[in-house]
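Next comes just one chain, in structure tokens: the form predicted on its own.
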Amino acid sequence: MQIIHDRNPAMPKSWNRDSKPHRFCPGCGHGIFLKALGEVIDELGIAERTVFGCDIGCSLLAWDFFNVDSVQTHHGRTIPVVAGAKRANPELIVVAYMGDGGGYAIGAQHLVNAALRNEQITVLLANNSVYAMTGGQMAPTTLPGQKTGTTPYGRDPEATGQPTLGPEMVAAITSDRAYVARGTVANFPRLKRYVKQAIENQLAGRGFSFVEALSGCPTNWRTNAKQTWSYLDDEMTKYFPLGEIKVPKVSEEEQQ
């Protein structure tokens, strides 16, 4: 088996040495989001104490990406699994990785309650506005007017409600020691910075950390490269504003 990352300096060292290139569709944003995480794990030197949990959905294809302890959970249950690992061994650095369906639909109760309890975990959520793995049905984040497999004439907010603003919801209920941000795979340096801030917040033992990343899905959007980037940059950001939404309060002792 060839060692991919030894031939490609851009590949995170924490990448699983036995893995082949990722199995996501061409143009999918998951690979970019995961590369940001891999580089952060390497830079912080925490691979030996990291537990990576991923959800059912497209995110499950990341279960063997990293050379860290990993677990693939039932749909929507990634957060309680990694929270349990963290409570059992507080020295671990745990990451829950999921899509918008796993985080904002079937797993919404876990996201809300983990945030309320200020669990010492990091949650990373890819928002591509559809249920991608099962054929492109309407998701909690589907935009008004967006056509999907179950909204062929466009999503009608009067019938199905408004898209979920996950980071804003989390920020409203978390401790002042939480970190919450929304980035996009269209801006890798900024997204990586948010991921690093989220992991560092867990390392400091402050509290719950949550990063949403806007992500493309050309397969289900039925878009070419130019259209995908335009929808991600121009349409999604109109409804989902980018930036740090909540930054933890740091005591004077911590600043010194």
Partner chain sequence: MDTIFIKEQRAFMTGNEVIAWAALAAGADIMYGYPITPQNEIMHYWTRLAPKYGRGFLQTEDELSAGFATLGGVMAGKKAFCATAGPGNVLMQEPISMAEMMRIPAVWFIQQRGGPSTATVIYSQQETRLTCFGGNGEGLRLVYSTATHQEIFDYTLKAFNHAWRYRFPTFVLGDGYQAKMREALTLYDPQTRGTQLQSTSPMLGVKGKVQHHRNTFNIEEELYETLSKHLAEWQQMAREVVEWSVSGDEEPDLLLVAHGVVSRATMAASKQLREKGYRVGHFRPITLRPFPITALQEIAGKSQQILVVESAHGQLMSLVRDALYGCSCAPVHGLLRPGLGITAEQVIRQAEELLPKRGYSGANHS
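Residue numbers count along the first chain shown, from 1. Treat the numbers as computed from the prediction; the structure is a model and nothing was measured.
Not pictured, yet referred to below: the form predicted in complex with the partner chain.
Undergrad: Does any heavy atom of F66 come within 4.5 Å of a heavy atom of the partner chain in the predicted complex?
TA: The answer is yes: F66 has a heavy atom within 4.5 Å of the partner chain.
Undergrad: Contact with the partner chain in the predicted complex for T160, defined as at least one heavy atom pair within 4.5 Å: yes or no?
TA: Close contact is absent here: in the predicted complex, T160 is far from the partner chain, nothing within 4.5 Å, heavy atoms only.
Undergrad: Can T73 be called a contact residue for the partner chain in the predicted complex at 4.5 Å between heavy atoms?
TA: Because a heavy atom of T73 falls inside 4.5 Å of the partner chain in the predicted complex, the answer is yes.
Undergrad: If you check in the predicted complex, is G154 within 4.5 Å of the partner chain, heavy atoms only?
TA: Heavy-atom contact with the partner chain at 4.5 Å: absent for G154.
Undergrad: Identify which of A105, L165, A171, A85 has a heavy atom within 4.5 Å of the partner chain in the predicted complex; exactly one of them does.
TA: Looking at A105, L165, A171, A85 one by one, just A85 meets the 4.5 Å heavy-atom criterion.
Undergrad: Looking at 144 to 152, 88 to 96, 174 to 182, 121 to 129, which stretch has residues with any non-hydrogen atom within 4.5 Å of the partner chain in the predicted complex?
TA: Single hit among the candidates: 88 to 96.
Undergrad: Honest question, do A139, R190 and K226 all end up within 4.5 Å of the partner chain in the predicted complex by heavy atom distance?
TA: Not a single listed residue reaches the partner chain in the predicted complex, so no.
Undergrad: Sequence order please: the residues of 89 to 114 with a heavy atom within 4.5 Å of the partner chain in the predicted complex.
TA: Heavy-atom contacts to the partner chain in the predicted complex: N89, L92, Q109, H110, N113.
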